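In the form predicted on its own, a lone chain appears below as structure tokens.
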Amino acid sequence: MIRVKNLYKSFDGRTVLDNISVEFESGKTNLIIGQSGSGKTVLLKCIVGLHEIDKGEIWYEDVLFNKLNFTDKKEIRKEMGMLFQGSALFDSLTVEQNVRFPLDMFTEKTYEEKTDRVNFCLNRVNILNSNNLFPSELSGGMRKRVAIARAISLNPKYLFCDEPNSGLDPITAILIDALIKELTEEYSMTTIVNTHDMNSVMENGEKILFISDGVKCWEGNKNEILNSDCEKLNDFVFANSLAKKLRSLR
């Protein structure tokens, strides 16, 4: 579980996050949604410690993360898995080397142990016989799967995903959503996903935080979102649904 309490963040005097409080639950896919520029990516970066916050608290279980020193934060980061927008694989490394990278960085495992873990993770995301391929030789969906394998290589307690469906066709996007949800439940991770994809919201939205202009406007789940009385949320849902229909007509 991750708890954010009264979080504020500004850049050059401009408030980007204004008094955000939310609890992200273990074993569930927690979504942060909002329009571009709403502050959702900044919030995710604050939670993982890439941005220092101005005020507030970020708790990982019973540990006040934002008050830890660099060394102690590193211990928590060993329990994090990151899935970046665009996959962020190293072009010069093979699939196997990409997935092994966190193991090389944070563990003292033998080469054989690392290889076993890499193969386990690749098998778990249904990537077979691709260890020696380079990212440029993979489809977009396969690159996402390799990125997920890398994200879970350290068996994390916390998984962070920034727009995991970006650049994917609808069918592949659904498969990636299902894989993230399945892994979250299987390993009881606290998973936080930034997304603007309403398919993801309706499929995986067990816990949803909607922010607009840096302010928390609504919190709920996929069963409640269509009956919300939050005008800004309704505008967001309608705009995304309309865009989806227009794309289908092209």
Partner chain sequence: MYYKQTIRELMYLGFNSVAIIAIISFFMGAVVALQTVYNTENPLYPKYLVGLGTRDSMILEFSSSVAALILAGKVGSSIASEIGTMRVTEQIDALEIMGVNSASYLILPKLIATVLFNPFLTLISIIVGIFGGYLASTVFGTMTPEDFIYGIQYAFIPFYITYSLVKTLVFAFIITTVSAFQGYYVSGGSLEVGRASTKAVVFSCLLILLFNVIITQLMLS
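All values reported here derive from a predicted model rather than from experimental measurement. Positions refer to the first chain, counted from 1.
Separately, the form predicted in complex with its partner chain exists; it is not shown, and the next lines address it.
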query: Stretch in contact, per heavy atom within 4.5 angstroms of its partner chain in the predicted complex, of 118-126, 163-171, 76-84, 176-184; finding: 76-84
query: Among the candidates L50, M202, L64, V215, the residue which, in the predicted complex, approaches its partner chain to within 4.5 Å (heavy atoms); finding: L50
query: Proximity of P156 to its partner chain in the predicted complex, heavy atoms at 4.5 Å; finding: no
query: Its partner chain contact in the predicted complex: K45, any heavy atom under 4.5 Å; finding: yes
query: 4.5 Å heavy atom contact, E137 and its partner chain in the predicted complex; finding: no
query: Contact of E113 with its partner chain in the predicted complex (heavy atom, 4.5 Å); finding: no
query: N6, K40 and G56 all contacting its partner chain in the predicted complex, non-hydrogen atom within 4.5 Å; finding: no
query: In the predicted complex: members of 1-31 within 4.5 Å of its partner chain, any heavy atom; finding: none
